[in-house]
Structures are given as structure tokens and as C-alpha cells.
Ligand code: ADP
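Given next, in C-alpha cells, is a single chain: the form predicted on its own.
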């Protein structure tokens, strides 16, 4: 074990009002995509973090009353006493490992849809809500509404205390809370004592803090989660303007300041646009104003960066959401002197995409997240092997690497064969695209772990055909040979090959990432809608080519709405001079040009293009699998008992899906059939 003295400060206890955190690792509130309809799954997910060493583990937003809800987004509730035992499950699980449990109480205000309860959303003034495209408008709260809301919030705080929570939040962040909407000059057009001046607009927030302290402050710490900057300049709260003033006004009221920037897309900015510690320039002033403990976030994965934040007085507690998802055991790995074993967050926001698509949270780095309760998976523990079979895995991309690592941890002898001269597959290629460098952590973590294992052999520059696989003489063969971008334009919008797509001027992302020669102007036809089309556009535009990106969709990079990046990607492309063409389907590739049809039946247009890059669909590289599958008798004679395929070779998808596929295959390696464990509600709905 290496000397860890330089990290000792991270394991000092921190007093937060009437409670004490055992160390400085603080899992700030974050969503998970299941909430009250799978409380056992949520409790187990949070418990794993407490087991992994996090000193404080918090819920996501807990709705305080029936006047606010986000259906169909899953939520937690403390509407009534019947909700207490449900939330207590998470508290009990976290307490088993000596961590504190925090409850983030909130009212969504203008962000609520109230589709299920069908009550008008509430806000400081009459205003269109922004939760959806539906033309809902909120009710402007009168004094009775405000009084009722305060009573409901206070009652929810008491329920949180009865559930056993140690920290109770007042939520004023992310543009997702009624308290923040009252603070906002954009939404608060009131002329009474709750509107106008900042002192008036902060009144409700002050009252909520005082109410909560009165209700539970004897045994629970009262925390405020506050966005010190809305990233809107003069149109919003700024860290050097009203944000600072709010902290100065309320500095002594809460026991803890949990500070960030708004909205959620800025607070959870991706690695493409923000690096570790990116919030310090906005939130660093808070510790200078208040004597109360301060927690902040910045996608922290480096213990040296964490220590720097503490030593320089930026914060008292290291806050994390995404890093705690990618590696729930991050604190313990630092404490045990093995920070190199941390499964570092890559900042891809696949975790966010789960919540945004009404589904259980996923993670590219941690395939076990939200499977801790459903399947009994643990991020650090694997079941022992079920046989002495040796395993050959062909393909060392994300699926092959994860499968090899997981099988090796089970005790199997694993040989990993890769046709290229390096491992990583699509991860290696895609992490070289603009802004995606941190995605290489998916490869690097697994390669580092595999190199420490004596039961794994890795061979690069080792392409294998069916005969060589059979000659290898192992009982278990796994094919993980990935997928290749289609050149013919077939994908989401085009069901048949595009005329002219066989021309030499037609390339794919694989060609661009491989360094193929390009002639401008370049037209990128993107019906994939993820990050590939726009990062390729950025790469080529930065290299000096005139670039157009064409999509049959009404918007560029629709998938990136789910990862909270779309609103940044589009202006970034515009700034680079990339021409954006929407609602056009590629009809034909011609000499030096393309013909585009309007998806709604309008006139066709012709655009100049000496190079066309097809970003449409991918084809599984499954020829080796199919060849082996066809050789049943030969497989039997060679002693090959099982033949499987995983990752993109099975079904092209995102990197997270490939990692999950490899991990799940290793978990179920000894089973006759894959487990089918549906996510079913394990409680009644409280609405």
C-alpha cells in the first residue's frame, strides 16, 4: 500500500450543524430514473455508495406535496405519512455503512407538468411552464398558496426527519424549483413583498430555511442547494451579482451550502465542453462569505484535485454525482492508496440520458449501476468461476475488454485477440475526435486492470479466421468484433441504398477517423443523430474544409438533447462556420454534388459536395461469428462448447451498451440462459 498521507485531509470528519460527516466525500443529490416505483433498487444503489466510502449520500428531488409532479418522470415523494417507510429504505441502507443520508426536498414550480394530478402548476407569476412543449400556463400564487406551500414543505421536512434523514435540503437550483423561480426576475413579476427587489424575491427562500430549521433543526442539518450563476449574464442570477448577494443575505441560515451553477446542463456539463473543477470560478467565492461548510461539484475524479480544493479553501466537502456513479468505491480506493484503480467518469452524460428518456440510469464506465438490486450485481465483486474452461475473446473493443476483465476477475483463463495494433476499438478511434479525449478512460481503466492479472493474455495484430479460432483449442469462444459504419446511406431515414453511394467520394466516419484523404467541400449526411456526425463536422471544419451537415430530422444531434449537450453543439458548429441543413433526406450522390429531398414533400435542392460522409447506420462485423456458427461439426471436434457474440457485433449501439453487453455476458457465463429480470414497480404509486 502506497503512502496516502497527502490525502488524509479528505478523510477528516466535517461537522454539519447537529450531525457530523465521517469524511469529505459527499454524494450530492442526483436522479436515477426509477425513484418511488423501485425504491428497493434505489436504496441498494445508494447503499453501494455508502459501502464505497461516501460520507454523505443524498436522494434526488423529493416532491413535497401534490401540487407538483413531473409524471412520467419517476420521482420521490413525501406528500403524506405513507411515504415515510418508502424513503426510510434508503436511509437504513446508507446508515448501515456509517454514512449520513440527505433528502433534497423540492417543489418544481414552473418546471412541473402536473399531467397526472391535473392541477395547474404553481409559479410566482402567471407564465408558460417550460417542462414540455404543451401550452400549460401556471397559476400565479396568492398569499394563501404561499402559506400552504410553506406548510407543506415544513410537513415534508418533518416526514424526512421521521424517515431518519440526517440532512434536509431546501432546493433552489437548476431552474427546477419554486424557490429559484421566485428569485428570478424573469419569472417573478410580482409587486408585493415577494417580488421586485432582490430582498423581496429571496423572501420565500429565507422563510423555507427558517421553517425547516424550526421543524427539524434540532437533530437534522439544514442544507441549501443554490445555483450561484444561471449562465444567462445580465438576464439572470450571476456569481458576481445577485448570486453573491443571496449568499451574503442568507449566509448564516443553513448548516450547509451546496452550491452549483444552473441549469442542469451547465451543472452537469460534459467533458466535451468542461474539464474537472470547471465550477470553481463561479462557486469559489462562497467559502469566503460563510463560516458554514460548503460543498461543490466539478466532476472530480483526481484525489490531488480534491485535496487542492480543500487546501485552497474552495470547499469543505467534495461533491460528486457522476463520479460517484462511475465509481461508487472512489473514496475507499483513495483511502486504500490505489487511486489508479478509480473508474473515472468520462463526462459523457449517458447517466443523464436515462433520466431524460424515462428509464433507469446507465453509465458507460460502470455497467452495474441500477443493477445492484435488480440483478444483485456489485461494482467491485464478481462471483467465482463455474468451471475450468479457458476463454478466447476475439476483439478488444469496449465489449471485449470489459468481458475479458470481468471473466478474469471471476478466475477464468482468458485470451484476448485483437486484429489491430492497439486495443480499444471504437473507443480509441472516437476518443481522438474533438472534445472526446476523456472517453479513452473506458479503454485505459480496463487495460490497466488487465495488465495486473496473470490469467489474461492480450495479443494485438492477431486477426483470426474461423480456422484459427478452431485451432486455438478452447472450450468457450466470444466474438466481440464490433461494427462498421455503412457506406450506402441506409439508416434511420433511408431504407434502401442511396443512388451513387458506391462512388469513391463517399466516405464513412471510420474513414475520417482512420485518416482518409478528403476533398472539400464536404457534406455530412447525419441521420444517426448522436455525437458522431457533429464531431466529424468539427474535425473537418477545424482542418480547414468547408463543411455542411445535413439531417432529415428537424434538429441536429437529437440524441444530445438527452445528454444535455444539444444546445451547445449547434451554436458551436455555427461558430465554426458549419452550414446546417435540416429536414432534408439524401436522395442521390452525383458527380461533385448531392440531391436532397424535403422530408415533407417540398422542392428538392442540389448542394455542391466533393466528399460525402455517411453517418447513418452501422453493420455488425459478424462474419467470423457466422462462419463459426455454420461449422457446427468442426466446432464440436475442436472442443468448442459455446460460441457467443457481444457488443456492437451483436447489436450496434452506444459505448455504454457495449460495455454492459460484455459485463453481462461475463456475469451470466455459466448459465444456460440469460437472466430476464424486468424492472417492475415494487410499490404502489403515491399519486
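What you are looking at is a predicted structure, and each value in this text was computed from that prediction instead of being measured. Positions refer to the first chain, counted from 1.
Below: the form predicted in complex with adenosine-5'-diphosphate, not depicted.
Kindly confirm or deny that 397, 418 and 483 each have some heavy atom within 4.5 angstroms of adenosine-5'-diphosphate in the model of the complex.
So, yes: the whole triplet contacts adenosine-5'-diphosphate.
Would you classify residue 462 as touching adenosine-5'-diphosphate in the model of the complex, given a 4.5 Å non-hydrogen atom cut-off?
So residue 462 counts as contacting adenosine-5'-diphosphate.
In the model of the complex, is there a heavy atom of adenosine-5'-diphosphate that lies within 4.5 Å of any heavy atom of residue 648, even though the partner is absent here?
Because a heavy atom of residue 648 falls inside 4.5 Å of adenosine-5'-diphosphate in the model of the complex, the answer is yes.
Under a 4.5 Å heavy atom criterion, is residue 425 part of the interface with adenosine-5'-diphosphate in the model of the complex?
It does: once adenosine-5'-diphosphate is placed as it appears in the model of the complex, residue 425 has a heavy atom within 4.5 Å of it.
Residue-level question: is residue 56 within 4.5 Å of adenosine-5'-diphosphate in the model of the complex, judged on heavy atoms?
It does not: once adenosine-5'-diphosphate is placed as it appears in the model of the complex, residue 56 has no heavy atom within 4.5 Å of it.
In the model of the complex, the one of 638, 31, 41, 624 near adenosine-5'-diphosphate [non-hydrogen atom within 4.5 angstroms]
Here the answer is residue option 624.
Looking at 648-656, 629-637, 22-30, 60-68, which stretch has residues with any non-hydrogen atom within 4.5 Å of adenosine-5'-diphosphate in the model of the complex?
Comparing against adenosine-5'-diphosphate in the model of the complex, the contact stretch is 648-656.
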